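As structure tokens, one chain now follows by itself in the form predicted on its own.
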Amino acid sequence: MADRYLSFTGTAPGRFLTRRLGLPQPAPLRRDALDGGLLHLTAGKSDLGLAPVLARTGLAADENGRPAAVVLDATGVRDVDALAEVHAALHPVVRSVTTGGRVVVLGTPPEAADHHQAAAQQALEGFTRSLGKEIGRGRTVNLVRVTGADAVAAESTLRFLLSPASAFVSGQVIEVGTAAGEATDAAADGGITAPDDWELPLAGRTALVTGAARGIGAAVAETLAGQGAQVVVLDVPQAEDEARRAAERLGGTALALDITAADAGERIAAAVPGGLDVLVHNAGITRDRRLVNMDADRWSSVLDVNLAGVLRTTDALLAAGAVNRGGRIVATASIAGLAGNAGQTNYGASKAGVVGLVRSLAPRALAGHGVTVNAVAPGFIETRMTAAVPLLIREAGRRMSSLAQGGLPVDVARTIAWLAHPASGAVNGQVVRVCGQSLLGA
């Protein structure tokens, strides 16, 4: 469904009225290309070696004082005095960032052994999230914490955050290099390798997407296929015809299967004898009711599809060696699992469970199988499901974010594609919100 408010605010009367009434003034997001160059700044002393990586992003150095992207290397900030350099670097340039532009701050994780460094680096998180909420005009702000790794390990993440693919990702803190205490060499086992072709990074790889016949799942399958993957479109038997049409359009194959079946993992493994390089757990359902009105069937059906099915199939596929070394597992959580939502105790529980799965399994899957495990947590995404939401609730969902609009299925799909990238082996155990920095649970 079209966002008529967004269209209205793009007109002269709309700009005048919304400004007078103090209403949100969302800017259309740049999902095609960024308009301008790249400005590279530094706060503190850094030896990250960032310049060669930034040169490969395709963004030329800013020459006209109107950057499309600003990267601030603050990995060398170790005390409160050095935080003044963060202010000094960004204060003069924030206003000049083009509409729909990007600001990326690079930091390091807080160190338990150095409370001054820990305070300064944690301050960057509050700074980044706050700047994301005030910067406006469709611009995004994110923090990347580089852990025990050089800039090359962060290249896929920087390319993503400095591209149109991250249009609906803002206010996020992404850790690159280790996960849940694992050593950097374990991350290397996950395959931090540059592809032969950054435009087709998944060429020669097999990806399976559950719940892929429609909605977000269909967008994920299309995006992965567009990056070269051979895609298996999995959906329930009732959606078999849609799944087959989608697979034919993408040059992939369809698999009609209920993910809650006890033998789902074994049947998936049999359908991909060469193994999977990318496994995307997207299938999910809602059965909303307040807890006092929720019967046991509504509870169990949502938990079985959204969480138990994910656990069972993941365990079975890893045990069978059906996810190839260097593979990627990406699950779909939700901001409802992070912030809660009235009428969705079952859904919120299931999606919070996905977060727990990711955080626990990620280091073990990497160490034992060379496979990374991450999740995306979508916010308000424009789908047929949200189009059916009552008008006032739908408008609140759209406006209650820093970007003041809903996202599109392609925003989730592109985020998943980054996590599925062969050069994203240093990104593990992360839960990335695709929500335009929703104010819920922020």
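Everything numeric here is computed off the predicted structure, so don't read it as measured data. Don't overthink the numbering: it's just position in the shown sequence, from 1.
Form predicted together with a small molecule: not shown, discussed below.
Contact assignment for the small molecule in the model of the complex, among T372, S334, T313, N142, heavy atom within 4.5 Å: Exactly one listed residue reaches within 4.5 Å, namely S334.
One residue of A120, A283, A365, A246 in contact with the small molecule, assessed in the model of the complex (non-hydrogen atom, 4.5 angstroms): Going through each option in turn, the one that passes is A283.
Which of 394-402, 26-34, 51-59, 378-386 sits within 4.5 Å of the small molecule in the model of the complex, heavy atom basis: Only one stretch passes the 4.5 Å heavy-atom test: 378-386.
4.5 angstroms heavy atom contact with the small molecule in the model of the complex for R214: Output for R214 is yes: heavy atoms within 4.5 Å of the small molecule.
The small molecule contact at V236 in the model of the complex, heavy atom, 4.5 Å: Yes, V236 sits close enough to the small molecule in the model of the complex that at least one of its heavy atoms falls within 4.5 Å.
F160, heavy atom within 4.5 angstroms of the small molecule in the model of the complex: Output for F160 is no: heavy atoms all beyond 4.5 Å of the small molecule.
Contact label in the model of the complex: V305 to the small molecule, heavy atom within 4.5 Å: Judged by the heavy-atom cut-off of 4.5 Å, V305 is in contact with the small molecule in the model of the complex.
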